[in-house]
Structures are given as C-alpha cells and as structure tokens.
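Here we start with a single chain on its own, the form predicted on its own, put down as structure tokens.
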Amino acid sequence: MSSDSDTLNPGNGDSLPAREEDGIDRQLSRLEKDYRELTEKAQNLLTERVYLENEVSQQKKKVSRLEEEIRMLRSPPHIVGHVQDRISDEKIVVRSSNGTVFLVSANQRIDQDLLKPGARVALNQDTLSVIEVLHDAWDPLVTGAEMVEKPDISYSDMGGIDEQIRLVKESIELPLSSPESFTRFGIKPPKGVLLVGPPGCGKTMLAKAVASSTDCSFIRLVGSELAQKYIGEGGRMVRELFDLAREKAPSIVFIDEIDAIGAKRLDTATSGDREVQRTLMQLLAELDGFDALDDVKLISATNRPDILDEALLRPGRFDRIIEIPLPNEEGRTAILNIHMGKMPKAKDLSVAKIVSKTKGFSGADLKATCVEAAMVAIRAKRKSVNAKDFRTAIERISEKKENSTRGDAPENLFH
C-alpha cells in the first residue's frame, strides 16, 4: 500500500526538476549578460585600436615632416645671384649678391629656357654652381607698402584746408574717376602733387583722406626707406615700387618725407650721397621716362621744399605743388570744432576766445591743446572741460613750442 501511495503523490516527484530548470535559467541569463559585456568591451577595444593606429600614423607623418625641416635647416645656405650671360648649356656667367661675376656650371635638370639673362638663381655656397632658378619677387618692403585696410579719416575730419582738398581732388581723384574729361580737351592729367608746409599742418593726414575716399590701390612709403646701403638697391626699390603700382592700377603712390632722397645734387658728395642721388635719378625716370604712368598717381610730402632738386619740381613730374600753411583764424575755428565736437563742454567755454589765443598753432598743436585740456579736466575729476582747462592747455603747448624752437626740453614735457 505504501508504494502505491508514493507513486500517486505528484508533489514529491516534480519538485526536483523545477528547481534544476530555475538554476539553468539563471546560469543562461548570467552567461548572456557576460557575453554582452564582453562583446561591448571587445567593440570598445577595437574602436580604441583604430583610434590609436590613426594617432600613430599622424605622429609618424609629423615626425617625418619635422625630420625634413631639420634636414633643410642643417643644409648650407645658398647664394642668391643673377644670370649675366649664357655661354653654353653647361656654362653660365652669373653675378652674385655682392657684385662679383663668376663663370659657373648649371644643374642639367634645370629647364634651360629659364636660364635667361636677368634670371634670379640660387648658387651653391662652395662651387657657386647654379642649383635652381628662383621666381622673381619684389622686395618685402615694397610689397608691404600696399595699404590693405583703409584709414578711418575723411575730408570732413580736416578743417581750414578746403582749397587744398579741392586741388588734390582735381589732380589725383578726377583723372582716375573721369579720364575722359581730360581726353576731351586733349591734355594729359597731372602725374602727381607735392604737399609742402610746416610740420603738423595735415600733409600726411590729407594723404590718408585720399586713401580713404578712393577705391584705388594705395601704396605708401617713407623716403628714408628708399635710401639703401648697397649700390643700386635704392634705385631697384623705386623701380619695383612703380612696377607694383602699375600692376595694381589704378593706384596712388604716397612718398612721405621725400626730401630724404630728393635733395639737390651736389658736386662734392660722399659715396652715400651719390647712392641717394642714384635713387633720385631712378625716381625722376619713373615719373617722366619712357614707361607711362597712366593710371598711377604720385603724392609726396615734405616740410623742406627749399632743399629739393629742381628736376623733381619741374612740370611733368610734380605738376602741382600744394602748400598747406599754418591755419588762419577761420581754419583754427574749423579744426577746433572738429576736435571739440564730441567733447563735453562747460557753458562758459567759447571757441572764439580759444582761437584768438592760439595764433601760430598748427593743426597738430590744436589737437594737442584739446587733448591736454581734456586731461586737465579728467585729472580734476570733472565731467566737462571749461575755459580754465583750455587756458592751462594753451600755456603748456605754447611753452613746449617755445622750448622746442630754442632747442631746450620743457620742464613739464613728461607731466
């Protein structure tokens, strides 16, 4: 009887297989979870491997590039020269940068058509053989002379020189904007203007206003930059300067302080003076030589017109000499109104009284007076300038002018 009862009891027989199935399910879940984690980790490792391989490749390229730069830096320098004559396919007459002429051999891999007289070449430092042909390039001083950004100065910022502004517009801007006006009358427009006047009267400022108001290329240079040490370098720079202007035409060339290279030629001169005279002669040839300037106009400025060479001042080179004198009473009023336009002023301030006390002041002196008066008011922690501030400023500027005339330094120069 007991055996039959045990066989009919379902609870004792089914409990063990159910527990085994639960354990198997838990193991499968754990294995699946571990598999997913390992798969994700393997994928991350593969991604990291690809990233590191790309990083190694980039670093190898960088190392190779740096090694190439080091190799080039360690290589001996080359001498720059020019081809004088070509004797044969293998023999070339060259002139080195110091002026010495050599008969040298040329690299046979160089295109023979490029080895023409005047071509700029690189020479081996030891054998002086021609290694490669260099592209012709302008002097960095010349290429850097082109003004890229226009100055923020307009004709309205200048007072007391309305007549001079009109003359500049007629001589420089009108031939470039309306050349048919001159063709109709059968005349050639002026080639350039010379601005003369004492320091601080606005010569350079007027040139800046021209650069701002025109759409032409504006090339500016100081005359002293054309005075070079070696023979022929100054003339070469003048030639390159006008070649650049012709390429960028319509263009305006502005040479400030032209008296640095345009002084009168003397019989008794040192070697340095003779080199400056050669530069002047190249300038004269560019202004009135065989190569027409056409759409190139020249503006020059100086405060020493008395020392300029007569050949530079004759018509055909500088067709108009525009004098910018010290401003008169009307001019000083216009200049002060410009500089005091945005300045907070007290009620007792009268521009007419300031004008009456600034006789002999240049435009730069008047601007300095306004700045000095504002500094006095700022030092006193006031929100506006008054008549007393301008009286103090005029006294200080007048003292500086007197001491500079005598050659002495004013006591309050640095205060």
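All residue numbers refer to positions in the sequence shown, first residue = 1. Note that this is a predicted model, so its numbers are computed, not measured.
Form predicted in complex with adenosine-5'-triphosphate (ATP): not shown, discussed below.
Quiz item: Out of 99, 199, 289, 344, which one falls within 4.5 Å of adenosine-5'-triphosphate (ATP) in the predicted bound form, going by heavy atoms?
Solution: Checking each option against adenosine-5'-triphosphate (ATP) in the predicted bound form, the one that comes within 4.5 Å is 199.
Quiz item: Can you pick the one in 245, 335, 255, 283 that has a heavy atom within 4.5 Å of adenosine-5'-triphosphate (ATP) in the predicted bound form?
Solution: If I apply the 4.5 Å criterion carefully, the residue I get is 335.
Quiz item: Of these, 182-190, 200-208, 76-84, 119-127, which stretch puts a heavy atom within 4.5 angstroms of adenosine-5'-triphosphate (ATP) in the predicted bound form?
Solution: Only one stretch passes the 4.5 Å heavy-atom test: 200-208.
Self-check item: Contact of residue 364 with adenosine-5'-triphosphate (ATP) in the predicted bound form (heavy atom, 4.5 Å)
Solution: Contact check for residue 364: yes, within 4.5 Å of adenosine-5'-triphosphate (ATP) in the predicted bound form.
Quiz item: So, in the predicted bound form, is residue 278 in contact with adenosine-5'-triphosphate (ATP) at a 4.5 angstroms heavy atom limit?
Solution: No.
Exercise. Give a yes or no for residue 161: in the predicted bound form, does one of its heavy atoms lie within 4.5 Å of a heavy atom belonging to adenosine-5'-triphosphate (ATP)?
Key: Yes, residue 161 sits close enough to adenosine-5'-triphosphate (ATP) in the predicted bound form that at least one of its heavy atoms falls within 4.5 Å.
Quiz prompt | Proximity of residue 339 to adenosine-5'-triphosphate (ATP) in the predicted bound form, heavy atoms at 4.5 Å | solution = Although adenosine-5'-triphosphate (ATP) is absent here, residue 339 would touch it in the predicted bound form, with heavy atoms inside 4.5 Å.
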